[in-house]
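Quick heads-up: it's one chain on its own, the form predicted on its own, in structure tokens.
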């Protein structure tokens, strides 16, 4: 039998969130949750994960949403596909970093199946939507036996492939805060070929008032075991007017702040060298769009 064939499992098909949570609690630690499923075969093959149960979300109709709520922000249900970000004009207008990440996400076939929440739960530093969400800020909504729990996206990734979600919790929604009239964001990634995983990805979200940065979040992927915020580099930008000289300083700071590695997609040296260049470009992209 091929090593790429999934092992035998029992399929769980809950029809409500409480039923799903009860199943997760009953079979705690033995369940993989299936939504889009585009990464599950690879994940099982690489990590040799052999769940006794697969919990399928297809029966939970109220999780298939991408909604912008004025005054609150963006709400993305656990079953929402990446393509739904591209079909939503509010995402393009108000959350351009996330829209740009979705545009470059894998292939059209995968975008039609892969879920945004799945990208976050995967816990990969190469996650494009995850990189954009980290820059935009927000929360992951988890539903467990004790009720609802909100985890800040800054605290959600613990290690490679490991998140704050407990085995008896179901991730039900992503919440991204309302942008203001001064919010600017953008995303850029580098790959060997378009369909490949990123060898480096960067996203920024800035509050710009009269060319002065009031607040900033900078996220970068593929430069550590999890996606990271460049907090030291962020401090250099706050309260400053964006200029060519400052961008050069930020690029140098980014190179010092990251800890990339060699792998099959790139080298530590290359990632470090291009990180600052891509950071400059993504900031220019963010402020140049307005």
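Predicted model only: the values in this text are computed from it and were never measured. Residue numbers count along the first chain shown, from 1.
Note that the form predicted in complex with a small molecule isn't included here; everything after this is about it.
**Q** Does the small molecule come within 4.5 Å of any heavy atom of residue 114 in the model of the complex?
**A** Looking in the model of the complex, residue contacts with the small molecule include residue 114, since a heavy atom lies within 4.5 Å.
**Q** Spell out, yes or no, whether the shortest heavy atom distance between residue 75 and the small molecule in the model of the complex is within 4.5 Å.
**A** Residue 75 lies outside the contact set for the small molecule.
**Q** Residue 34 versus the small molecule, in the model of the complex: is there a non-hydrogen atom within 4.5 Å?
**A** So residue 34 counts as contacting the small molecule.
**Q** Even though the small molecule is not shown here, does residue 254 get within 4.5 Å of it in the model of the complex, heavy atoms only?
**A** Contact with the small molecule, no.
**Q** Going by heavy atom distances of 4.5 angstroms or less, which of 94, 199, 165, 217 would be at the interface with the small molecule in the model of the complex?
**A** Exactly one listed residue reaches within 4.5 Å, namely 165.
**Q** Out of 171, 176, 213, 188, which one falls within 4.5 Å of the small molecule in the model of the complex, going by heavy atoms?
**A** For this set of options, the contacting one is 171.
**Q** Just one of 67-75, 202-210, 86-94, 115-123 has heavy atoms within 4.5 Å of the small molecule in the model of the complex; which?
**A** It is the stretch 115-123.
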